[in-house]
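Just so you know, structure 1 and structure 2 below are the same protein chain in two forms, each on its own as structure tokens.
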Structure 1
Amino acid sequence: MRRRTALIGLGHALGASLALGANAPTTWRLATGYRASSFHTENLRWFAEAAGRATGGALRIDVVPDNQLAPLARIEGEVRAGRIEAGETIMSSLVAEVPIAGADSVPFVVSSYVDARRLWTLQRPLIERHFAERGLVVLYAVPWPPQGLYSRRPISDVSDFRGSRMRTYNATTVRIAQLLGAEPVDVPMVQVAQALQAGRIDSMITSAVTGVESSVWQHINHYHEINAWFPKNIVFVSRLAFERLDASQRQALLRTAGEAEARGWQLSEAAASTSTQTLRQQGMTVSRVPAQVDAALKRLGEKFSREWVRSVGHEANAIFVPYYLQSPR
């Protein structure tokens, strides 16, 4: 009798355990290389919480910032390998294997958030297809604030760059310096303040946000809002992890991702505005470049886009042909 009672008790305990397991949420880790205070990371946390609510608590997303799960450049590979469920990285880091990811970093093509959204609308279907081939599902993408031009002296003509030293950090910025007649000087972002103080560089292209983080006003006086390009971060999940959710949960997740994308673009614009205002408050002169300089930079953009189309191939035409055809005249 005691044995029968014990077996019944064990059965009830096992049933309760199985019920708890059935109701336990699916947990994903979402890796990002950016610091916890970044507006991108803040938006990831919002997305994680909203996704939990939208799925009725069936999905829990733990956002892990600061390269804690993997270095930024390796996050996509870790998600693809299934070692991490989801991640965020900057799209330009993927160009070696997904060349079309570099469209948003072709300089002097877009000049506003409206342009950047239009470019992303054309780029996204291609990105989604390439990610699907790699076993990934695109959730959303959000741009960094636009890249501006910092200089020791005001730029009134393209000839002002000749003989100056421009900070560079990749092949594109080296090419920009060369086409403008400046000497390229390779300087990592962490060494920018030191390079400015030592007089090693006279100008650089980076965002107002980065300028504020580096307190550049201590060494440089002018910031020109040239909106050179709008690099984007992309958020994605392993297809295997995605398909473990039921259909209603997947729909809820994608709907929330769309909301996070819209919210992230608003945060980016706000960060651009706030950072630019901080530069002004710190005594920097913030201005647009003269019309003739702006026109020269746009001509460079056309040159860069033609070169990029030749290097990437027919897929690039699917972005830039309609982009230029749809551009306001």
Structure 2
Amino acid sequence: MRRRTALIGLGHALGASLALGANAPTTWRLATGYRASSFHTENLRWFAEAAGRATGGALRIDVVPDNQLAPLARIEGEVRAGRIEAGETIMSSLVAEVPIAGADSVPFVVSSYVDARRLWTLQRPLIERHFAERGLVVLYAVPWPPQGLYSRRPISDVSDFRGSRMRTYNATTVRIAQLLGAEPVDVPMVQVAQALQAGRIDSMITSAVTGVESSVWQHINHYHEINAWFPKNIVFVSRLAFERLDASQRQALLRTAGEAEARGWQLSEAAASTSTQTLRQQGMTVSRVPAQVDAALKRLGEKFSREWVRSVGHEANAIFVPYYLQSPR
């Protein structure tokens, strides 16, 4: 009798643990280097919740912002190594290993969200292939608003940059600073306010939304809308983690990623205009650059593109030839 009770007890325990196994969600950590308050991170949280619902609670994604799991520049490597399941990074930061990832940071190629979408449609298949070779599955990509030029003083000539210190956030912005004759100073986005306060930088190229998030008006007065490029953040998961989902969960996840991408592009476009207004309301001078500066910047942009196309080779043509052929302009 005692033995029977014990067996029944064991049976219950086994049943309970099997049931627990069936119900316990797969949990992924998704690392980002941007703040919880960034529109990108808000969209990641939306994606995580929507993916949870779409998989009937089988997948739980915990978004970990602000470089807490790994610094932005290392997130892709950590996901590749399987130490973090999923992540977000700024795509052009991968340019040294995946040159085509730099396509969206070539200056003055894309000047509107419509262009940016066209470029992503052409770039995406190549990016997916390179990511697959690295053991990663692409979920979605969302652009930052157009990149403008912040400076302590108004820019009346490109020679104003000579010897000044320009904040950079990856290899492409470093090269642009060099072409302008400025000294590149690497500052992660979350430390921009500090760097300005400490007087470590005189200028930077980034979006209006990043200026707002860093309350730059406390230290810097001029914002020039040069619309230089629309860099994208890319969200991805390790293929091993992805393959642990069953086929219907994978489908649900990819469908949700498509929705998050559409939603993110809308958030970006909305943030582009509200944040430029905020810069104005905070007393910053928002203007274009003088015509001769504009022309000089475009020439630098062309030099950058030539270097980039040469370093990337045929994949650059695979994107830019159809991009320019389809151009409505």
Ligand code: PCA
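Every residue number counts along structure 1's sequence, beginning with 1. Worth saying up front: this structure is predicted, and the values here are computed from it rather than measured. Note that the rigid core is defined as the largest set of C-alphas that superpose within 1.5 Å between two forms.
Of the two copies shown, the first one, structure 1, is the form predicted alone. For Phe39, the Cα coordinates differ by under 2 angstroms between the two structures after the core has been superposed. Here Gln178 counts as shifted, since its C-alpha moves by at least 2 Å between the two structures after the core is aligned. With a cut-off of 2 Å and the rigid core superposed, Arg200 has a Cα displacement that reaches or exceeds the cut-off between the two structures. Superposing the two forms on their core, we find that the Cα atom of Phe161 is displaced by 8.7 Å between the two structures.
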